[in-house]
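First comes one chain, alone, set out as structure tokens in the form predicted on its own.
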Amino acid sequence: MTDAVVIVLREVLEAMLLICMLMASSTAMGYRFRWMGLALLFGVFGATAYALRLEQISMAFEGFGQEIVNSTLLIAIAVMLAAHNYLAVKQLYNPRYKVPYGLFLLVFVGTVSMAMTREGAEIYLYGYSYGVLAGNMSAVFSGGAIGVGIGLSIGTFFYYALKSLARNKRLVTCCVVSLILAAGMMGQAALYLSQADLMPSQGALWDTSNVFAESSLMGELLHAAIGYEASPSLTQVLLYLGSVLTSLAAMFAAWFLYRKPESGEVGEAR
């Protein structure tokens, strides 16, 4: 049961950190949570479709379909998070700017639905493999329920911690969280691409498994929060750093190109 708690907690926590960050950011941008209904609908549909077609997807692309789909989702989410940072900094330095609702929906709904699709499919795969096929449904279900509960609790605390910040500080904090999450996802994408032989497989640059093993509770939590890998390859590190630089470039572009000497605050959604 402990394994189920840790594995499900990691998947739920990774999604909750992203979703709660976007929820806090949306209030700072002056939008309510109506977009969440659409995001949840697309996310549940995507996760269900992915799970039901998992066998066909896994057999596609010469047996590397799952790795390719997962890496594509991770890269797309990282790009969406960079777009979020661009919009957040643009509004931060031009408080009267209002993100067009269509663009807002594209970034926020797209990010959440893709994250739910991936994480939901991972949880389904684990439950089916270790619960249904292995005949261990009781332990998997009870442990998974505990993991979901802990993940939701941490996510709720994280949201209200962000919500308690002043608007500008909240946007800056959300940008930092977004940057870290996107970098971790790009590191994971590099691992999937290496497994699919689309990127060169390389030896580890370092090994910190003696400090935090990836299979330990702390290792799983760090993996969900910052994309921790105990023994990353050069490709993973380069894509991780590349994602950080891309997000920073988007933020600086919004700052230098669109900053206006205006005052005033955007009305915050309550």
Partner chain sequence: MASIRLFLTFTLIAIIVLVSFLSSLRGYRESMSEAETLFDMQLQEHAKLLSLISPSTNTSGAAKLLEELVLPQQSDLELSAESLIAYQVFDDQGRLVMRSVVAPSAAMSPLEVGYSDRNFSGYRWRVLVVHNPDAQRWVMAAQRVDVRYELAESVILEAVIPTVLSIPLAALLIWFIVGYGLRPIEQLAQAVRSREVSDLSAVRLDNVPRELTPLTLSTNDLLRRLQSSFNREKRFAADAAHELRTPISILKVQVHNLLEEMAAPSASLQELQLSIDAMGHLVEQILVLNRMSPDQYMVQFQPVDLYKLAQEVISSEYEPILEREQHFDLEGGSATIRGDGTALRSLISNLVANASKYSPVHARIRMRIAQRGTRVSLLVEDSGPGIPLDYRERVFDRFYRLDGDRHASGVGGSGLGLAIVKHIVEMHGADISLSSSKELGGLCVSIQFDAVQNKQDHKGRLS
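Residue numbers count along the first chain shown, from 1. As the structure is a prediction and not an experimental result, all values here were calculated from the model. Here, rigid core means the biggest group of C-alpha atoms that superpose within 1.5 Å across both forms.
There is also a form predicted together with the partner chain; it is not shown, and the following applies to it.
Engineer: Choose one stretch from 173-181, 76-84, 157-165, 96-104: the one whose residues place a heavy atom within 4.5 angstroms of the partner chain in the predicted complex.
Structural biologist: Answer to the contact question: 157-165.
Engineer: Going by a heavy atom distance of 4.5 Å, is residue 110 a contact of the partner chain in the predicted complex?
Structural biologist: No, residue 110 sits far enough from the partner chain in the predicted complex that none of its heavy atoms falls within 4.5 Å.
Engineer: Can you name the residues of 137-166 that have a heavy atom within 4.5 Å of the partner chain in the predicted complex?
Structural biologist: Contacts from 137-166: 138, 139, 141, 142, 145, 146, 149, 150, 153, 154, 156, 157, 160, 163.
Engineer: Relative to the superposed rigid core, does residue 141 relocate between the shown form and the other one - that is, does its Cα move 2 Å or more?
Structural biologist: Indeed, residue 141 is displaced by 2 Å or more.
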